[in-house]
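Two separate entries follow, structure 1 and structure 2, each one form of the same protein chain as C-alpha cells.
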Structure 1
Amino acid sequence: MKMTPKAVVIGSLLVLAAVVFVAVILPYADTNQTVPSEIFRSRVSEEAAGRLIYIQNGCVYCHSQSIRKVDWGLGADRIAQAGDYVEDHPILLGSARTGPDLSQAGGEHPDDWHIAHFINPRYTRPVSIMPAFEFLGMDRVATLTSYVQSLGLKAADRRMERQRFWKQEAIKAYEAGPEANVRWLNENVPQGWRDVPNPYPTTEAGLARGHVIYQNFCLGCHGPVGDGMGPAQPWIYPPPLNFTILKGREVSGGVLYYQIMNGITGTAMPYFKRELESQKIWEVGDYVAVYFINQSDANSEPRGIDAAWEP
C-alpha cells in the first residue's frame, strides 16, 4: 500500500474515529445507564452555586472526591460509586490528594469550622498549605460551605442533622456558664474513660512532643496559652474551650484522650483518631494538663501491666 495523501487522510480519520468511539462514545453510553446510588439526591440551588465557586477557585486541583478500596482517610468508610455522581457535570473526582479527600466531607465539621477554615486554613489547621479564601467575602464563603456540607449527599444530611442537634446542646451548655459547660462536657464522656489516668509518665521529652503536636493541631483554636483565644475564635460559636477554667477540677487523662480522639460533635473541636497515634494523643493531653490546667494524673493509679516500652 502506497502512502498517498488519500491513504494518509483516510487512515488518520479511521484512527480518530476509533479513538472517539472508545474514549467518548462508549463511556457516554455506559454513563447514561448509571442509576442513582442509595445516597444520591439533587443539590439545592445554594449548594449548586457553591459548587461553581469550588470549580472557579480550582479546589479540585488539591482535593479529590472519590474513595477507592485502596484508600484510607476522611470519607474512606464508603467506597465511591458511579451513582453518586449522576447529576455532576463535570464530575470533580480529581486525581491529587494534596488535601484530604472530600467525597464524604459533609457533616465532618459544623458550618462555623468551615467558615473559619475558608477565611484562613491556618486558623483551624495551623500547618495547612491551603490558600486563604477570605477574598471571596462572607456570602460566597457561606455558599461554598453549603456545597462542602452536601458532599456525601443523603449520608451527609444525616451527619449534618447530628451536628445541628449537638450544636444546640453545646450552645445551651456554654451559655449556662463555665460550671455547667464543664459538667456537660464531662458527662458526655463515658464513665470508664473518666476513671482512666494517663498511662505515660510526664517527661521532658514527652512534654516537648506534646508541645509540637499542640502547635501543629490545636493552637489555631485554643491559642498559644490554652485560653481558647486562638485566631479561629471570632468565627466559632460556642468558642473553643478555655483550658484554664479547668484548674482545680478533677480532669483525668482519659477525659482529655477521649475528647481529642473523638472530637466534640456540634462544636468546632474535630476528631483526631485518624491523624494521631495513641501515644501522641496521650502526650498532647498531658501537655495541656501540665501547662494549662496545672495538674496531671500521668502514670498514677490505677495502673495496669507495665508497657513494653516506657522511659
Structure 2
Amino acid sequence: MKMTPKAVVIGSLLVLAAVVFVAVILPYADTNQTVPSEIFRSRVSEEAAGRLIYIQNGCVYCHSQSIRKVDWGLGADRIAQAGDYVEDHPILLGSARTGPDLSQAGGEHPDDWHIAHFINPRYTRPVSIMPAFEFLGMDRVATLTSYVQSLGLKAADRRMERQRFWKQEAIKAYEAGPEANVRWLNENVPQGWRDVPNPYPTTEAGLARGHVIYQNFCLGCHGPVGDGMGPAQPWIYPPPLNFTILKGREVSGGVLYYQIMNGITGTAMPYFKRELESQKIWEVGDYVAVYFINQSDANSEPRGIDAAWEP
C-alpha cells in the first residue's frame, strides 16, 4: 500500500467517520429516547443550582452516581437504570469512588448532618479524606445540600419525608428533657432488643477494638469523652447524645446495638449496619457502656448456652 498524504489524511478521516457512526451515532439513536424510570422527577431550581456547585468543585472525581449489581455500600439497594439520568446535563457517572457513590444519597441524613459534614467532613466522619467546603459560604453549602438531598429523586423525596417527620419527634423528645428523651429513645427500640445484654464479655482487647471503632465513627459528634460535644455538635440539632446521662436508665447492650445498627432517622445519628459487622457494633457499644455510661451488662444473664470463645 502506498501511503500518500491523501491516503493518510482522507483514509484515516474516513475510518474515523465510520467508527463515529458505529460508536457514537448508532448508540445515540439507541439511547436518546430513554423512558424516565419510576423514581425520576425533574430537579427544582435550588437543586439544579446545587448541582452546578457540585460540578464546579469537582465532586464527580471522587463520587460516582452509578450503582452496580455488585455493590454493597450507600444506595446499593437500587441498581442504576438509564431512565434515572434522562435530564442529567452533563451526566455525572464518575469514574472513581474515593468517597461513596451518591446516586441514592438523598435523605440518608438530615440537612444538619450535611451542613456539619460540608463545613468539615471530619466533623461527622473522622477518617474521611474529603476536602472541607466551608470556603463556599453557608448559602452555597445549603444549596449544595439541597442537591445532595435530591439524589435518588422520588426515592430521595420519600426518605426526606421520613427525615422531616422523625426530626420533629426527636426535637420534641429532646426538648422534654433528658429523662423523657431517653425514655422516647428506648420506647422506639423493639422489646426483644431491650432485653438482650451485650453477649460479649468486657475484655481489654475488646475495649481496645471498640475504642478504634469509636474514634473512626463516633467521635465527631459524641466527642472524645462521650459527652456529645464533638466538633460537629454546634451544627446539629437535636444535639448529639451525651452518653453520661444514660446510667441507670435501662440502656442495655441490646439497645445500644439496635441504635447503632439502625440509626435514629431525623437526627444526625446515621445507621451503621452497612459499615460495621456484628462484633464491631457490640464492641463499640461496650466501649461506650464501660467508659462513658459507666455501666455495662456485658456477658450477663440471659446468656444461653456457654459461648465457646469465652476466656
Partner chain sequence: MSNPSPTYQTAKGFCLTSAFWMIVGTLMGLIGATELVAPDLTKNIGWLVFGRVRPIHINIVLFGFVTPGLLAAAFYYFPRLLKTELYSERLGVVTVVAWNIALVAVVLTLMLGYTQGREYAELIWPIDVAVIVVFLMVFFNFIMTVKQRTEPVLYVSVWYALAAVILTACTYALGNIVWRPSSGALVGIPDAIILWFYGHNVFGLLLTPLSAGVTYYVIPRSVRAPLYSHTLSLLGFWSLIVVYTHIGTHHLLQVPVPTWLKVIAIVDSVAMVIPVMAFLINIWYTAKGRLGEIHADIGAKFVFTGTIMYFFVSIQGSMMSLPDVQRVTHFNNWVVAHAHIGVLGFAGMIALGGLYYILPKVTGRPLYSRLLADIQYWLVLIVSIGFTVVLTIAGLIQGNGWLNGETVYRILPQIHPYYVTRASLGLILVIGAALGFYNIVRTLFVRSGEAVT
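Throughout, rigid core stands for the largest set of C-alpha atoms superposing within 1.5 Å between the two forms. Only a predicted model underlies this, so the values are computations on that prediction, with no experimental measurement involved. Residue 1 is the first residue of structure 1, and the numbers go on in sequence order from there.
- Matching the description of the form predicted on its own is structure 1; structure 2 comes from elsewhere.
- Put the two forms on the same core and the Cα of A23 is off by 2 Å or more between the two structures.
- Once you line up the core between the two structures, the Cα of L14 stays within less than 2 Å of where it was.
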